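Quick heads-up: it's one chain on its own, the form predicted on its own, in structure tokens.
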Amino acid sequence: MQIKVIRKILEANDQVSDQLRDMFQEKKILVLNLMSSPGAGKTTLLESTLTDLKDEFNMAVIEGDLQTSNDAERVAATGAQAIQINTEGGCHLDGSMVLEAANQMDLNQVDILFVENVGNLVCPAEFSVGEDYKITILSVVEGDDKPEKYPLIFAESKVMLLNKVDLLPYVDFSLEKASNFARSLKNDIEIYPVSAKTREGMDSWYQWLRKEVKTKKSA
């Protein structure tokens, strides 16, 4: 009986996600679901991306967190449109939450919508929110075995951003090992070592975004 209930929850979410995907497709918005553990640097990466590309793209952010509006305030300070979802203890965003938030935003002329999911390496991977791609951020301070320990989130992701590479001299982390684990789960996953703080490697991430926006607009 429990398995049937879980299946019904996922099926209901998929229906809302399909509705979101149709809406985003009509507006030709590239939608990216950003996932990571707490403290991996999602918000800092967003701040850098929004600041560096603000003259190229119109971008908006839906922020998911357990409590507070701190991250949304940081994002809004870059000039991007932002809205906060507080899950009040929920470990992930779902389609209904994102639909409610999207309906409160002006998405006309938006090129990229980032959905910053709740910090968690398990639950967010299960629930689509109408995104084009899932993006997982792994910081080098977390350990290079995380793709092996939490396989689903990496197997579901189009891109893995290895963040905080400026700290590599001070931690025991192998970029090669983490990359190999991730590619054993998804052989075509794109991997970009970056530092959102120092901007090291961020140009590769930006080039990927430019390519995907162009593809979305021409579809």
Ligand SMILES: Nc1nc2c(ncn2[C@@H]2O[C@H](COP(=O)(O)OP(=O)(O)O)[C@@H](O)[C@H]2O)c(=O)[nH]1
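Here the structure is a predicted model, which is why all the values come from computation and not from measurement. Counting begins at 1, following the sequence as shown.
What comes next is about the form predicted together with this ligand, which does not appear here.
Here the chain stands by itself, but in the predicted complex one stretch of 21-29, 8-16, 191-199, 205-213, 191-199, has heavy atoms within 4.5 Å of this ligand. When you look in the predicted complex, the only residue of S69, S174, S37, S184 with a non-hydrogen atom within 4.5 Å of this ligand is S37. Proximity to this ligand in the predicted complex, defined as a heavy atom within 4.5 Å, singles out one entry of S179, N58, T51, T44, which is T44. In the predicted complex, at least one heavy atom of N163 sits within 4.5 Å of a heavy atom of this ligand. Mapping the unseen interface onto this chain, L167 counts among the residues with a heavy atom inside 4.5 Å of this ligand in the predicted complex.
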